[in-house]
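Single chain ahead, written as structure tokens, the form predicted on its own.
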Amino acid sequence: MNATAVLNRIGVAYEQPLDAHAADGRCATRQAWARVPPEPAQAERGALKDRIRRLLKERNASMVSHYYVHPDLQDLAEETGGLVGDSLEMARFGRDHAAQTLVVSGVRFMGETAKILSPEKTILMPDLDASCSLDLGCPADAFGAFCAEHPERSVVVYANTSAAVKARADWVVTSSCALEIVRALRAAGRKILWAPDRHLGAYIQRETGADMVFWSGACIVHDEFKAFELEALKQEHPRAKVLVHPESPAEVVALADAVGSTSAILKAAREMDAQEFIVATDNGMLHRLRTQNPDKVFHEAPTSGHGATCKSCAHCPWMAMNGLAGVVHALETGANAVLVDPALIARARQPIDRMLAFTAALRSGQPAAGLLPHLGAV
């Protein structure tokens, strides 16, 4: 790590249960870090983009970018035949694309998922240290002990987890398919152990009526959205519709006109009869929303403060670690290659494949209720 990277390091607090067995879900504040890459000057940006375009062709590589990363990385992925998407779309694309090298602009669990699904491919990231509070807050050993407390339950984990946690799961889900999968499990009489995001888990429980126990984790971005300030912002913009990601607290979700994954939020913005929106998710989404809807107005939902003006927590510090220079460095040198223990890959792939097969069947029109036996679900 060079001196500039050290100087640009920032501290990040996240939650982790004090005792995975504690019924009250008490959490301690843990400390992690992120680093902020310097924003290149305009001329340097253009040169870096040109190098990336050339390197992608030379390396038979493709680029996938999450909606939360820098707009330059989203635009480049789309321009070069890659993908801009949510974690489910990224997983499908990486598995199915012919490129032998995949550059994943996002956070580490996304790169790990790509490697699990395509172990023969080279998976690169702009910065391997780009983590996630949900992943950090759910250590595999403690989570395994929590699962052992509830052996009768089907283990359903959010994609925002490590390969080791996925390997302990029966199902991996994303926010775009979790409701359908949990509904199907409930219809089959399954009780569920959910991890790690307690807000998303509680939302799914409210919507499905499933019997669920929760790991007590939270996204440091979505956990900070505030209902009181959101109501004040709604008063300032009375015609605005509110779009909320379900990782947000229940009182924020209750104020939403539409609740859903990043893909669902994009769909709602396109299709709802409104010209103005308040968006409660990572502000990296605003680039895509504004690009797809140039005639509409989008406001960031407030995270704190007394006048609905503070937006300091509305962007993931680890997503911000992705930059153009990191992509160039990875492609030129092969640095930041994602490695996953081969012993974990087979076990972690099963619940991911199950999710992908389930969602593919739903897209083809098969009823969800009949899919679990077909997929060998436990």
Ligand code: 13P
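All values derive from a computational prediction rather than experimental measurement. Numbering starts at 1 and runs along the sequence shown.
Not on display, but discussed next: the form predicted together with 1,3-dihydroxyacetonephosphate.
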query	finding
Interface stretch in the predicted bound form with 1,3-dihydroxyacetonephosphate - options 245-253, 137-145, 267-275, 163-171, non-hydrogen atom within 4.5 Å	245-253
Touches 1,3-dihydroxyacetonephosphate in the predicted bound form: D86 (any heavy atom, 4.5 Å)	yes
Q74 within 4.5 Å of 1,3-dihydroxyacetonephosphate in the predicted bound form, heavy atoms	no
4.5 angstroms heavy atom contact with 1,3-dihydroxyacetonephosphate in the predicted bound form for F225	no
Non-hydrogen atom contact W194 with 1,3-dihydroxyacetonephosphate in the predicted bound form at 4.5 angstroms	no
Residues within 4.5 Å of 1,3-dihydroxyacetonephosphate in the predicted bound form, restricted to 255-273 and counted by heavy atom	S261, T262
